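Given next, in C-alpha cells, is a single chain: the form predicted on its own.
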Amino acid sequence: MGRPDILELKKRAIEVRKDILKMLNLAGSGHSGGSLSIVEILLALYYYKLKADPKRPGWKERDRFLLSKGHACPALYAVLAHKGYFPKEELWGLRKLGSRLQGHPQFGLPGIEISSGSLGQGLSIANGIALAARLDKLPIRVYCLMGDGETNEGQVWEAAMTASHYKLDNVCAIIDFNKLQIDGFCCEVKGVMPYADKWRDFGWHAIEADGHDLASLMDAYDAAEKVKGKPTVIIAHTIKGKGVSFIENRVEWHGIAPKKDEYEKAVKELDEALKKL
C-alpha cells in the first residue's frame, strides 16, 4: 500500500482516542493509559503496513496481528471498527454482558486472532504462527504488540530466544515503551535498560521509533520487513495516556476509566487538538 495522508491519519488518531474514552466511560471500567499510548502504533500498522481485508477476516494469506497486552484492547477495537471489521456502534457495549467486546480480546470477533491478556504469552504464540506459516509456505508476517512492563515476564525472553534460533524473520515484535506499568515506573519495578541492546543480545534486529510519530512508525515497519535471517523488534517510545493532559504519565490511570466530568474534559482537549491540525 502507498503511504496514507499523515494529516488525515492524525485526525483519525484523535477520533480513535475519543472513541476509546467514550467506550471506557460507558463501561465504567477498563484501561485508559495503555490504550491511549498505542493509537499511532495501530494506525500506522492497519492503515499502511498490515496485509489484511476487513471483508475477509479469515483470508488465509493475511498478516496476523496479536495484541499481547490485551488490556489495551479498547484501542484495537476502535481501530478495527474504523477499518470496518464490525459496526462502530458495537464499541459502546465494551465490557457489557452479551457484548462481543470484552475487557480482553476474545477469539471469534472479526480481526481478533487470539484471546489474549495473560501477559507474556503473545510472542510465543507469534512464533508458533510464524513457524506454521513457514511450513505451509504462506507469505505472511506476524506482528505482536507487547507492553514494556510485560517484558519482565521470563516467557518473553524464552520466546525471544526461540524466534532468534529459528531465524523467524517473519516475526515483528512491537514494544509499547511508555515506561510505566501497573506498579509504577518500569525502571523502578524491574529495570530493563539498555533495552535495545538486550534484544540485540538475544539475536534480534532492534529498531527504535517515536511511537506517536506516524512517519517514524511507518519507516520502522518498512525497515523491519527488509530484515532477513532474524526477527525484528520495534521499540516504540510512547507516553502512557497520550493525548489527555491529566492522564499522561500518571500510573494511577493504568486501570481506571474516566468519569463523566473527566470524559467531557478529555474530549474538549482532543477537540482543541483537532482544531490545531
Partner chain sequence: MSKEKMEMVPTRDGFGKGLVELGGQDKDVVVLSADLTDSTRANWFKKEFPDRFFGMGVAEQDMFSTAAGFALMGKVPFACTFGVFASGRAWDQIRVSIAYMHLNVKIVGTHGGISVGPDGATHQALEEIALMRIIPSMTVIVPADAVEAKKATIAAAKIKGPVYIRLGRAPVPVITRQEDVFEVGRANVLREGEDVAIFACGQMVCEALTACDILEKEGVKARLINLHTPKPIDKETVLKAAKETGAIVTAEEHTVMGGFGSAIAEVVAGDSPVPVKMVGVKDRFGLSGEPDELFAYFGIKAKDIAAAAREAIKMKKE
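Numbering follows the first chain given and starts at 1. Just so you know, these numbers come straight off a predicted model, no measurement behind them.
Just so it is clear, the following notes concern the form predicted in complex with the partner chain, a form of the same protein that is not shown.
Contact with the partner chain in the predicted complex, defined as any heavy atom within 4.5 Å, is confined among 187-195, 125-133, 173-181, 79-87 to 125-133. Within this chain, residue 148 is remote from the site of the partner chain in the predicted complex, having no heavy atom within 4.5 Å. Though the partner is left out of this view, residue 240 does not reach within 4.5 Å of the partner chain in the predicted complex, counting heavy atoms only. Although the partner is absent here, residue 140 lies within 4.5 Å of the partner chain in the predicted complex, judged by heavy atoms. When the partner chain is considered in the predicted complex, residue 92 lies well away from it, no heavy atom lying within 4.5 Å.
Using a 4.5 angstroms heavy atom cutoff to the partner chain in the predicted complex, none of 37, 144 and 212 count as contacting.
This chain lacks the partner; the member of 164, 106, 152, 99 within 4.5 angstroms of the partner chain in the predicted complex by a non-hydrogen atom is 106. Looking at 147-161, the residues that come within 4.5 Å of the partner chain in the predicted complex, counting any heavy atom, are 155, 158, 159.
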